[in-house]
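The form predicted alone is given below as one chain in C-alpha cells.
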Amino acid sequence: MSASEALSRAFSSPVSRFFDGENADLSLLRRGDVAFIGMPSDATHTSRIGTRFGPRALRHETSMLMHQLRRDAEGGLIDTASGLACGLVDGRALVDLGDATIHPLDVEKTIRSIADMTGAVVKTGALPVAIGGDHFNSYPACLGVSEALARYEPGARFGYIQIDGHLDFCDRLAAWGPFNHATNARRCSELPNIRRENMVWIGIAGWVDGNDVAEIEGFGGLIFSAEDVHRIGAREVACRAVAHAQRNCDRIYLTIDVDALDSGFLPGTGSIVHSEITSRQYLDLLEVFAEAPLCGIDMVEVSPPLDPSGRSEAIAAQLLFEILRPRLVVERGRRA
C-alpha cells in the first residue's frame, strides 16, 4: 500500500451506518431512497480541525437514535409536539454508501470523488445526503448534483439555501486559494444551473465582508442574519427562504452547517460565532425545509474532538433526523 493510499484510508469512517440503514451500493438504489455519503475531510479548513471525524460520529449517533426509536415504537410512538401517533418507515429506504475517497494532499481529486458519488445518486432518483467534514465539502457535493441534473435534465434549474453562521462567499484566501471552507458558497454560485438570484443564507452572525454582501444582494440573493431569525421567527424565515429559493425552480439544494447553532448549545464545530440561533429555532427551520422539494442535502462542520461531552454530534443527529423526518416517520393520526 502506498503512503497516499494509507493516508486516504486513515480518513475513512466505515463503522456503523447512518440511521442504521442498509449497507449497499449504487446498483441497489431505488427512486425515492435516501442515500448517505460520508465526506471525512477537513483538509480545507483553515483553523480548528477535527471535522473529518464527523461522519463516523454521526453514523454512531443516528444509529443509536434509530435503535431507541425502534424500542419505543413497540409501545407506539407519540410525537409530544403534535400529539400524533407515529410509526417508523421501512429501513430499506435508507442506504449508506460509505465514504467518498478522500485525498488529503489533492483537493481536486477529493472534489471529483465526492461529486461523482452525489451525481451517481441523483441519476438513480434517490436523494443524496452528504455528511462532512468541513464546509468546503458542500461544494463538491453540490457540484455532483449540478452535473447530474445538467446531464439527465438539461433544462432543470435549482435554488440554494445555506444555514450557516458565515457567508462562505470569499473568492479565495491568501494561504489556501479558491478551495477552502470560506469559499464553498461562491464556488456553488458559479455552477451553471444554480440560479444565483435564488440563493439564500440563514443564520449569519458576527462581522461579514461588505463587498460580499453587496455582491450577493446585487445579484438578488437573500441574507437572513441570526438576528433576523430571532426577530422574525424561524418558521417565517424558513417560509420566506423557500419561496425565494424556489422562484422559477422546482428543486432546492440545502446545505446545513451546524456552526449556525449558538456555540453554547453546540461547541464541537470548526468555526465558533456567538449569539447565533438556538436549537429550537434550528429545528423549526428544518421542519419547514423538510417539506421542500430538495434535490440534495449536506450537513457539515461537526467536530467531535472539540466537544468531549459528545453532545454536539447528538444534537447534530437530531437536526439530521428533523430534515429527513418525512422520510423516516409515518404519521398515523391523532390519539383517541
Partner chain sequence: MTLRIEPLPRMAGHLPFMRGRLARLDNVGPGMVVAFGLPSGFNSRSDLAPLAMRETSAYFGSHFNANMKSAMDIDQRQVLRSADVAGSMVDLGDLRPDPATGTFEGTLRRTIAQIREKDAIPLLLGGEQGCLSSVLAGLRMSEPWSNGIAALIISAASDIDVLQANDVACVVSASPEVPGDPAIMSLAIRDLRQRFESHVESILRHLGQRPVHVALDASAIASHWHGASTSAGFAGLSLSECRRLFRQLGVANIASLSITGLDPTINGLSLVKTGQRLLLTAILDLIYARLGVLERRVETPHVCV
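Computed from a predicted structure; not experimentally measured. Positions refer to the first chain, counted from 1.
What comes next is about the form predicted together with its partner chain, which does not appear here.
At a distance threshold of 4.5 angstroms between non-hydrogen atoms, residue 227 is in contact with its partner chain in the predicted bound form. Though the partner is left out of this view, residue 294 does not reach within 4.5 Å of its partner chain in the predicted bound form, counting heavy atoms only.
Within 4.5 Å of some heavy atom of its partner chain in the predicted bound form lies at least one heavy atom of residue 305. The closest heavy atom approach of residue 106 to its partner chain in the predicted bound form falls within 4.5 Å.
Among 120, 93, 77, 223, the residue placing a heavy atom within 4.5 Å of its partner chain in the predicted bound form is 223. Of the residues given (84, 150, 173, 242), 173 alone sits with a heavy atom within 4.5 Å of its partner chain in the predicted bound form.
In plain terms, the part of the chain that comes close to its partner chain in the predicted bound form, with a heavy atom within 4.5 Å, is 209 to 217 out of 209 to 217, 151 to 159, 189 to 197, 138 to 146. Shown without its partner, the chain has 262, 263, 264, 265, 267, 272 in segment 258 to 273 as residues with a non-hydrogen atom within 4.5 angstroms of its partner chain in the predicted bound form.
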